[in-house]
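A single chain, nothing else alongside it, follows as structure tokens in the form predicted alone.
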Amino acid sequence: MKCTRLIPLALSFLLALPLMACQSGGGSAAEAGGASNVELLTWTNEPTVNFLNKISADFTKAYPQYTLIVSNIPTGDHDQSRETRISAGNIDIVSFQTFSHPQEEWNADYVDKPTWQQYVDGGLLMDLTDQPFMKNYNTGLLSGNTYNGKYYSMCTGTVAYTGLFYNKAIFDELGLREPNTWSEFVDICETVKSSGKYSIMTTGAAENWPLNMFGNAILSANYGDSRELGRKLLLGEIKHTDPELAKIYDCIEQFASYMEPGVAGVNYSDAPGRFAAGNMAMYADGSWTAPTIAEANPDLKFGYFSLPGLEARSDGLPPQFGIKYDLSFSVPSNAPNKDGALAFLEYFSRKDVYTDYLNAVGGFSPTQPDITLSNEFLNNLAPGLQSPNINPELTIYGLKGVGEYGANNGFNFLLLDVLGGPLSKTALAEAAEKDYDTARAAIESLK
């Protein structure tokens, strides 16, 4: 889910809001003879929304003066709704996916300031750093979701999304095991292909992003922490046509070549069912899809492995997942019931409640330490989460004004000829670099 930019007029209105509600102790007035409402806004995700509604009564038992109201908005409309509600000063807790790609001094000419940063810089989100409940979380794990060393959101979990689901029965039949190197992954694909019995791999490519995120998976597998790569790409210190990135384009083309025929027309909502049918060896998607697969076919035994790099890791660990932060809660500075909002975040952060949340939602890995889950799938991800990488989606910047071929940092699967697109891998790299050069030149001309 990508953030929409705040238009200047809306941001000016936000900054002009009265700050009375920012003062400590400024909760909303209680209803006559009853509790005051704490309203939480999030995007529509059935397991999450169901869990929040389920714990509402228990929250009120813990804090009799408050009642939780959960409002959910379809993902595509959520960002605009959040902006509107904060502008109106009538929402107590809002949801973000992640804080990433901040505009900083070194990149200010090349990227727009993201919405979340506009909120924080405008004093519109409460600093949660010193709230007692934040001590329940692994602050080291959350460090990638901070801004100027402070926490303006409470992240409820991370997701691994550089991996592939695999059908354990097919792997067992063909004598396959989880790969540690790219060549081992290719061997798996070739073995499935040679068997003639099963499709190799699918994903929901019709929406573009589910396939494109595996360009980031390949970068993560080969670069680990890709912050420096992101800086160099943005500033032109490394080119898409350089030999170093040519290896990445080689892997992208090879990965795409193993997708099932017609994958460009497979809708994201249909892809889990195609894998769950039982004749597909692998499915490229994030760990959050595990509950959907299990629901589609409760009898299917499946695992999930991180896409490996060209070389085995030097530290002896198996390939490590790239992760991103998912649902995070923030409190607007003008929340009408700020005390109630903080009370709910405290209640939610209690170890038993938080553990129940992860077990109910499925697909999220803990951001609190020492959490034992009943979810076998999540527990089995542990070997790939010993030294996870912040996914390149969060560290490689989109250059302002870049053209079609440079979009998605240049690694656009559906433009490749192996998937019916117009370009070879070499032509795609050249077109992406041309777009980058053109955009940087346009920016320089305006200085």
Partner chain sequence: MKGADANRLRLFSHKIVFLSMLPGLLLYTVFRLIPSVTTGVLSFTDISGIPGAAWKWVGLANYKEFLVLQNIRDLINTIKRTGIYAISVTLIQNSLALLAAVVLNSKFLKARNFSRAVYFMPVILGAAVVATIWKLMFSTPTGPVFLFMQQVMGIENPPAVLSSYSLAFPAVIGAQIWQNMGYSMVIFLAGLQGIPEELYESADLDGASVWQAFWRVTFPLIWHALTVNTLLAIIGSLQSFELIMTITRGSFNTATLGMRVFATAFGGGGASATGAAISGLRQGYAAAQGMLLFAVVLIVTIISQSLMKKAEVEQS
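Heads up, when I say rigid core I mean the largest set of C-alphas that superpose within 1.5 Å between the two forms. Here the structure is a predicted model, which is why all the values come from computation and not from measurement. Positions refer to the first chain, counted from 1.
Unshown form predicted together with its partner chain; subsequent notes refer to it.
Residue contact with its partner chain in the predicted bound form: E178 places no heavy atom within 4.5 Å of it. In the predicted bound form, its partner chain stays beyond 4.5 Å of every heavy atom belonging to W43. Its partner chain in the predicted bound form is not approached by I69, whose heavy atoms all lie more than 4.5 angstroms from it. Contact annotation for V402: at least one heavy atom lies within 4.5 Å of its partner chain in the predicted bound form. Of the stretches 320-328, 283-291, 73-81, 365-373, only 73-81 has residues with a heavy atom within 4.5 Å of its partner chain in the predicted bound form. Think of it this way: in the predicted bound form, its partner chain has a heavy atom of just one of L381, I390, L415, L52 within 4.5 Å, and the residue is L415. Taking L345, L141, L124, V361 one by one, only a single residue has any non-hydrogen atom within 4.5 Å of its partner chain in the predicted bound form, and it is L124.
Taking a 4.5 Å heavy atom cutoff to its partner chain in the predicted bound form, the contacting residues in 243-273 are P261, G262, A264, G265, V266, N267.
Remark: with the core as the superposition reference, the CA shift of Q320 between this form and the one not shown stays below 2 Å. Once the rigid core is overlaid between this form and the one not shown, G122 counts among the residues whose Cα shifts by 2 Å or more.
Once the rigid core is overlaid between this form and the one not shown, R85 counts among the residues whose Cα shifts by 2 Å or more.
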